[in-house]
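In structure tokens, one chain follows: the form predicted alone.
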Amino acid sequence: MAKQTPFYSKHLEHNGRMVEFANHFLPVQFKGIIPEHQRVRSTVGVFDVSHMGRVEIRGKDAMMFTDYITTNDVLSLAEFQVQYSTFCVPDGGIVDDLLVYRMPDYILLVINGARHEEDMKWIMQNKRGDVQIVDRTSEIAQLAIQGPKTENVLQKICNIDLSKIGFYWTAEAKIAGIDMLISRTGYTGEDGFELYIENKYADKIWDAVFAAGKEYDIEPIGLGARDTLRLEMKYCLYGNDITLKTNPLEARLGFVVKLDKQNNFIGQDALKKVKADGLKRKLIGFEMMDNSIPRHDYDIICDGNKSGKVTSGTIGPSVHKGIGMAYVPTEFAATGTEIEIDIRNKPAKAKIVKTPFYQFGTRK
């Protein structure tokens, strides 16, 4: 049975069209995908991301254990710094992508909602050292406030100077008088913050954020615009662009794989071999050369041969073109290469382009 997030009643108040997603009822849209997308690109929008998993790793070996189960270099993190990373299985396939927060006395992992159960099993199976694994997901609500005016909005109700929180850093603060964790990351290409809120304060914080953002026409944003925003930035979606059958090197996530870090990590040997042998395929971004719209699972045709499938595809509301992502053989992966997308049994021309597709975000 799908769960209601702590903001469920707020979504209904705003006439959100609710769907089941990641075992939760979440809004797919309010006013519509395009106006919601444009709101985030222009001023500020609010996403309920309470479906994301929030897991604390505690104990004296918390950092070493997290370093072992993730591909990035956890030991390099300063206190209050945040890091994008991946979990990999021994053959290098991706279990999930995630954020790692180094707090003074624990590590916070923020994982994908749709992978929550699988991730928890995987973390527990690989547990070692003096660590305690605490799943806080059901106790904490989470809002992502995104857009170029986000800092202006939140500064009105925050007790610390938000300009001092760097990109991919976090802080303990009060918002509307309530203690919480606040971080500055995001999934849209725009500036933004995440608020981690005890469930009992969810309504109060929602109302305070919307009151503070009224002058910027702040609006709630659904899953539909979340997807178009992230795709314009070529940010990967687990289950589409990255899976257990893909590895982070071919997914162009090599920047989160530290093959020579101090600690060994799960999947390290396999990924070293992948690098040494050379990539057979790469995740590319493409744009359509006509008015066609690419969709997930459409066939990719390279030099007359079916060579892969679209992993994500849509019309980019900010770029006014059909855009998508796909794995193609390495020899076809160069920018400028022309490929074709099989759209309802008709080949449509596309070309591989430099990404992100949208080049004007306030954060990239």
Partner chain sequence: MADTLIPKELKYTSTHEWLKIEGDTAVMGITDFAQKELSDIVYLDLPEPGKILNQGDVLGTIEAVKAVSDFYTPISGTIIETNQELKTAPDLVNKEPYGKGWMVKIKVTNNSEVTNLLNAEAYEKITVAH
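All figures in this text were calculated on a predicted structure; none of them were measured in a lab. Residue numbers count along the first chain shown, from 1.
Although not depicted, the form predicted together with the partner chain is the subject of the following passage.
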Exactly one stretch in 314 to 322, 56 to 64, 299 to 307, 40 to 48 has heavy atoms within 4.5 Å of the partner chain in the predicted complex; which is it?
314 to 322
The one residue among N291, N264, N159, S163 placing a heavy atom within 4.5 Å of the partner chain in the predicted complex is N291
Heavy atom within 4.5 Å of the partner chain in the predicted complex - residue from T228, T170, N247, S85
T228
Contact check in the predicted complex: H14, H24 and I140 versus the partner chain, with a cutoff of 4.5 Å between any heavy atoms. Do all three pass?
no
Using a 4.5 angstroms cut-off on non-hydrogen atoms, would I33 count as touching the partner chain in the predicted complex?
yes
Taking heavy atoms and a 4.5 Å cut-off, does T337 contact the partner chain in the predicted complex?
no
So, in the predicted complex, is R344 in contact with the partner chain at a 4.5 angstroms heavy atom limit?
yes
